[in-house]
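Okay, so here's just one chain, in structure tokens, the form predicted on its own.
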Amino acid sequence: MSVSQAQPVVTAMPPHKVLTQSRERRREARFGLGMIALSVILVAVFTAGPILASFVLSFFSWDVISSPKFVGINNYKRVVSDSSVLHSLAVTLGLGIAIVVLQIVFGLILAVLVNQRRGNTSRVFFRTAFYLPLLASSAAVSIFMGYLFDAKFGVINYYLGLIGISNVPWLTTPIGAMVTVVLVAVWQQTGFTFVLFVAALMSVPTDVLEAAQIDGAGPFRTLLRIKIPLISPTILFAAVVAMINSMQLFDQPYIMTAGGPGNATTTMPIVMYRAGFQNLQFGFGSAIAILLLAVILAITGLQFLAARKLVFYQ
């Protein structure tokens, strides 16, 4: 005797519901394509377009007044043979590396200290306080810091004098100017890495930390062996963004020291600005910009190559 199995009953969806769902899917698809198109247009107009225009202009000699004159790769030959450009490249790399290292170190230390606090209110307060300098204009911050670090009338030297320390030449010596520019840039940009690291540390699995505590790992060892490897992708992202920003450093050295004393703090963006907007050599300035772009891409590529062995992905 065979037992027949019950067949599932398939009910057809009413035609009007099928039509409604189809319309909703098309509406969502159009909305998504519209948002993507908006992003593509913004990137094309404000990023890809200017880069392409600079690349084309780098093959011309143009002073705005007369018509552009095609000069081929002469601007690039001039860039690689100009001692001021090569010096500015060395200054930019030196300042950039110092800023990135200090920004990552201070951001991580502050994030670890804030993450140890139990109250959510205090965490919100410190996140807001450390992030606020990033919202301020770099030009305004540079003007303000220029007064603070003034050798004769600055507030910092005034208080140093109260404890018996003579005036420090913050902005009038090459080393002092470079240190001051780095400190100001790090102070303003550390809030970005700090917020990233706080969020990353909060996402570290608690069971892993509890297991490490049971095994007898102290706070310092837990930080080095567990927390830092687990948040290494965030550290890589912060380092890449910080390096890109520091290689484009302009406001702080230009406003605080005008690239001096001498050319101690003259970065590539300053040389590019002087060539294009002060000397009206827009082709030469564009060639400097393309060289800077190539250097940034090369450094970013090296960072990602190093990340293959240093970054741990869960």
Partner chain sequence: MSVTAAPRPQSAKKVGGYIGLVVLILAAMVALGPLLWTVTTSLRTPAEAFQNPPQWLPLKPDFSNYSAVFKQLPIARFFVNSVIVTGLIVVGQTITCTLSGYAFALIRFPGKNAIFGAFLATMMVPLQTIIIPVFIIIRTLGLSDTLLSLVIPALGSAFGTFLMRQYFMQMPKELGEAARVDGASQFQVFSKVYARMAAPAIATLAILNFSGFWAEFYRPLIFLQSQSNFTLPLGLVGLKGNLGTGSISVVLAGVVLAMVPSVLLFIFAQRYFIEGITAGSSR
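Worth saying up front: this structure is predicted, and the values here are computed from it rather than measured. Positions refer to the first chain, counted from 1. Under this definition, the rigid core comprises the largest set of C-alpha atoms superposing within 1.5 Å between the forms.
The form predicted together with its partner chain exists for this protein as well; it is not shown, and the discussion that follows is about that form.
Residue contact check for residue 104: none of its heavy atoms lie within 4.5 Å of its partner chain in the predicted complex. Contact annotation for residue 39: at least one heavy atom lies within 4.5 Å of its partner chain in the predicted complex. Contact between residue 187 and its partner chain in the predicted complex is found at the 4.5 Å heavy atom cutoff. In the predicted complex, its partner chain stays beyond 4.5 Å of every heavy atom belonging to residue 262.
This chain is displayed alone, yet in the predicted complex one of 95, 110, 231, 85 has a heavy atom within 4.5 Å of its partner chain; that residue is 110.
Scanning 166, 213, 206, 81 against its partner chain in the predicted complex with a 4.5 Å heavy atom cut-off leaves one residue, 213. By the 4.5 Å heavy atom rule, the three marked residues 76, 224 and 239 all fail to count as contacting its partner chain in the predicted complex. In sequence order, 192, 195, 196, 199, 213, 214, 218 are the residues of 191 to 218 having a heavy atom within 4.5 Å of its partner chain in the predicted complex; the partner itself is omitted from this view.
Core-aligned CA deviation for residue 202 between the shown form and the other one: less than 2 Å. The Cα shift for residue 34 between the shown form and the other one, taken after rigid core superposition, is 2 angstroms or larger. Relative to the superposed rigid core, the position of the CA of residue 159 differs between the shown form and the other one by 2 Å or more.
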